[in-house]
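Just the one chain here, the form predicted on its own, laid out as structure tokens.
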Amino acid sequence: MAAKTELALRVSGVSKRFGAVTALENLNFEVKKGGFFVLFGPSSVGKTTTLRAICGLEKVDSGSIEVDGRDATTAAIRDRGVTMVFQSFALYPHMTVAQNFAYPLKEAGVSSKEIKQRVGETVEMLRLSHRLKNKPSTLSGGEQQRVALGRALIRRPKILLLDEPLTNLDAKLRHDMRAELKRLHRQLGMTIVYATPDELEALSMGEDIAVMEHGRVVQQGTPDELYERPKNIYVATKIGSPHMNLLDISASAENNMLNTSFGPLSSMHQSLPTAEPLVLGVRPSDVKIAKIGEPQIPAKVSLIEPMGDLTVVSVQAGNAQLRMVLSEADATGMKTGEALNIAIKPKDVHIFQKSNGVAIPSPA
């Protein structure tokens, strides 16, 4: 019998409204103990409200929140074993780094000896020993972020909630802090719930990702699962860069054939509805330069975008505009207006219902 997965957090049927605005609607997801879990989606989908509900800053209208197997829906903030790091850092400007770290422990009644030990461990872990006597205004953005993290970590929470913590940092600092957060997660084995609108952050950091839309989770899975098997067009366009090519098509009466604006295309989907409008999805990385013997689609290069070791090439095939991702070597010498033949393998074709955007799974 398989061992039961231990959960750090279960959110079940949670809804929250602010007047006429619905922030969360029947929200459901689970977080494994010790996992790095990401809430992903654009602004205004409910990520921050979700975190505030988990830590007790917002009272939910319905549903339940379990932390470490115990109902925490109406529990006091201090009794939940959860801490939250805000986008704004929220440091005490009149306190030194050491005082910022020590303050939550003093408030919790921790002994002076224990406070000294924990502050020492935390500053060493976050590489801030040389900044103990500094005030926040004298720190860099990355150092301020580490102090905000340290003030949360020093309480040794069951769950650490991070609300878009890297938004205010420049590109290099964001890269450095992503690596720092992953290092801390491995070192501490702590459960982290991380909210972000940034696809790169979600895919590079999350072991498990919940894609949110209109206050609910529309799909939860690993980065590979979300990329390879999106449940609908919304997820397909949010995961993967460049975004998936999407084209209106219909199914042919002939088995497994699709009618597209650049001609018939084979897929692995069977018994598709011929009277229903469909949408073809194909990742830019799955649009290839055709090899000898492969079914070929005539196309013409319309745009070339070098991206270092990769190049995004847009081509016109029939009435369709498709993006493809090529290696720098394969794109060398390619010119706008050049004719070429492309190929799309049946296994790489995604089909969605146009009416509701839901994916039609293939037998593979």
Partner chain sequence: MKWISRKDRAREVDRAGWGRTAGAAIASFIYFFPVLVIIITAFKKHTDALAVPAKLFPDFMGWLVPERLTFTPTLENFVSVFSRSFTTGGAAQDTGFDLFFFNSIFIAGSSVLLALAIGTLAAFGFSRYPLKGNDTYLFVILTTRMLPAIVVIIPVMLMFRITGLAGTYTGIILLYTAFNLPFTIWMMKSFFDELSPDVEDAARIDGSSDRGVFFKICMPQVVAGLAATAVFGLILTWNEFLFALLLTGVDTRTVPVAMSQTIGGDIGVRWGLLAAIETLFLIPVILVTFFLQNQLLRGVTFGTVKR
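Predicted model only: the values in this text are computed from it and were never measured. Numbering follows the first chain given and starts at 1.
What comes next is about the form predicted in complex with its partner chain, which is not displayed.
None of 132, 200, 95, 268 but one reaches within 4.5 angstroms of its partner chain in the model of the complex through a heavy atom, and that residue is 95. Though its partner chain is absent from this view, in the model of the complex it lies within 4.5 Å of a heavy atom of just one residue from 78, 214, 175, 243, which is 78. Screening 85-93, 277-285, 223-231, 110-118 for residues having heavy atoms within 4.5 Å of its partner chain in the model of the complex returns a single hit, 85-93. Heavy atoms of residue 323 never reach within 4.5 Å of its partner chain in the model of the complex, leaving it off the interface. Although the partner is absent here, residue 146 is not a contact residue: none of its heavy atoms lies within 4.5 angstroms of its partner chain in the model of the complex. Shown alone here, residue 331 lies farther than 4.5 Å from its partner chain in the model of the complex, counting heavy atoms only. A residue is said to contact a partner when one of its heavy atoms sits within 4.5 Å of a partner heavy atom; residue 155 meets this definition for its partner chain in the model of the complex.
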